[in-house]
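In the block that follows, a single chain appears as structure tokens, in the form predicted on its own.
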């Protein structure tokens, strides 16, 4: 049996898949993955299919183990034998599972993001008291500070009155509050706060086109032609390979206990840079009219644009907020590791768009 077991929720998601791959490559740890049955597929069949797609299925039953459970249930509804296994072996617990859709309802976000974190902490206390748990690693978001106000978010605190753009942000704020309460009571915690996670820094590769990608697609395909923002406004995106490598380095360092880390871009791109890069590289992208948000009137759009724009409103905070991030903890702990803060410049944007075009996500 392993003596350095990692337990992970959200391992089948975008971040989780890459984190599992990195941990298998850089450690000798065994990894237990939480999964639930879905769409008539058993929990184990789902994981096997996902792992096969990323060439990791050969590790199943060897260094990768699947545990049936659901984050919406107390202690994830894990069976007694699996709980005893975790109590005997688990040293590090990564809680990544979350509803990341920016248009998620309040009920959905509360149930999965807040309730799921409460259940994770309930299990973590059990593993801490009965077992050998040394670290609870919580994946939060840089936007717990709220994206729609002018604020510099500090790593080791939460603002008192944040400005939220959607229920995703507010639910992650509540969830991190729960984690910090557990930390104050003695749970050894490391909080990872990524911004908007996008493709690989060198290849643009990403397993799912989420968050910012559908937004880009609507404009690239001419579905929307008006954008209420300012060209100089920035949006903080971060390449997935940096998030994964930085997380592994942070968790490995004992100084990261009871601290939070902004895993973000120190110099995020501007809206103007994104539009120029796309239109200069792909001449077929239709012109986009940038309108001062104070002068923007949704009713002046045609019916289809109004309907689509209503779906985009939860995203607008990322284009019109002035939230910035302190990265003192992250820079300090990465110093000497060979991991540099990411560059999200024109070349990077071109790489991201190029990959989306290459695989057919963007038809331009």
Ligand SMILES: NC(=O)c1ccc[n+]([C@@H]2O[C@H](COP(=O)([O-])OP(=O)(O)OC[C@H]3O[C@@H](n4cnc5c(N)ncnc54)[C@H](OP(=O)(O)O)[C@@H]3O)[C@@H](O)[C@H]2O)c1
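On a predicted model such as this, the values are computed, not experimentally measured, just so you know. Residue numbers count along the first chain shown, from 1.
Below: the form predicted in complex with the ligand, not depicted.
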Practice problem: Only one of 96, 224, 246, 182 comes within 4.5 Å of the ligand in the predicted complex by heavy atoms, so just point that one out. | Solution: 96
Quiz item: From the list 256, 153, 201, 140, which entry has a heavy atom within 4.5 Å of the ligand in the predicted complex?
Solution: 140
Quiz item: Heavy atoms within 4.5 Å of the ligand in the predicted complex: which stretch among 182-190, 216-224, 270-278, 140-148?
Solution: 140-148
Self-check item: the ligand contact at residue 119 in the predicted complex, heavy atom, 4.5 Å
Solution: no
Practice problem: Considering only heavy atoms, tell me if residue 70 and the ligand come within 4.5 Å of each other in the predicted complex. | Solution: yes
Quiz item: So, in the predicted complex, is residue 172 in contact with the ligand at a 4.5 angstroms heavy atom limit?
Solution: yes
Quiz prompt | 4.5 Å heavy atom contact, residue 354 and the ligand in the predicted complex | solution = no
Exercise. State yes only if every one of 13, 36 and 210 has a non-hydrogen atom within 4.5 Å of the ligand in the predicted complex; otherwise state no.
Key: yes
Practice problem: Residue by residue through 185-209, tell me which have a non-hydrogen atom within 4.5 angstroms of the ligand in the predicted complex. | Solution: 194, 195, 196, 197
